[in-house]
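The data below hold one chain only, encoded as structure tokens and taken in the form predicted on its own.
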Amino acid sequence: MSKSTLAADTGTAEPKTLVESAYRNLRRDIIEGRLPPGEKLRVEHLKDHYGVGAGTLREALSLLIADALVVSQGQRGFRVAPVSIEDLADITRTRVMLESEALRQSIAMGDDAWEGDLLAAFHRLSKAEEKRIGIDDREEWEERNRIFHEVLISACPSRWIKHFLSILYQQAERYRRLSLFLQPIPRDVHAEHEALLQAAMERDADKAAAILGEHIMLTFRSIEAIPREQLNHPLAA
């Protein structure tokens, strides 16, 4: 089983193997902050918590290393990868550059079916935004937010740009969860998405790219407003 297959399958489909199940459960707990950045991941303890053997858990941790969510410390085992403002700044700059270009190409190439898919994705995202309260609701919102951004650039013909963006989106996920959970600065995320949709439907590539860049940058600014020592603390359930 390849890591890329697992990374692409973090939605609602049932896991097919014990490794995939352990991978998804560990990934969820890292993304949600229940396993905070820097925490030591002791195989002998975690295997019982996740109900798998030590070998299975190590395979899952190896996949998470490939996702850059876990780091290996040689003979000292595994830790949750740290987070930092510097890391997020790099992710943000690269994502703005690539996603803005992908959006421009998608607007130029998108047909009526693309418009319909975009409207449908926005509608589903709006429904999730209305009820984003508990953990399950946040999971639903995160999934629909990902789909909305994917549909926005889906008409871009470059598979490599979309591949690199999927990696950057996953890397930004922990930071985005912190921003949504702690809400360090006031934001109307629904209005941001609505403005982005409107510009895309009007086929105004310059306006859409500017809105998208600001939308992504706002997450960076919100994380910047969080005290640095709080970045590595576990989030409450």
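Just so it is clear, the model here is predicted, and its values are computed rather than measured. What we label the rigid core is the largest C-alpha set whose atoms superpose within 1.5 Å from one form to the other. The first residue of the shown sequence is 1; numbering continues from there.
A second form of this protein, the form predicted together with a further copy of the same chain, is not displayed here; the remarks below concern that form.
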query: Partner-facing stretch of 121-129, 108-116, 155-163, 140-148, counted where any non-hydrogen atom is within 4.5 angstroms of a further copy of the same chain in the model of the complex; finding: 155-163
query: Position in contact with a further copy of the same chain when the complex is considered in the model of the complex, options 199, 46, 168, 189, heavy atoms within 4.5 Å; finding: 168
query: Contact label in the model of the complex: residue 96 to a further copy of the same chain, heavy atom within 4.5 Å; finding: no
query: Residue 63 within 4.5 Å of a further copy of the same chain in the model of the complex, heavy atoms; finding: yes
query: Partner contact for residue 177 in the model of the complex: a further copy of the same chain, 4.5 angstroms, heavy atom; finding: no
query: Contact flag, residue 58 vs a further copy of the same chain in the model of the complex, heavy atom cut 4.5 Å; finding: yes
query: Flag for residue 157, CA shift 2 Å or larger between this form and the one not shown after aligning core; finding: yes
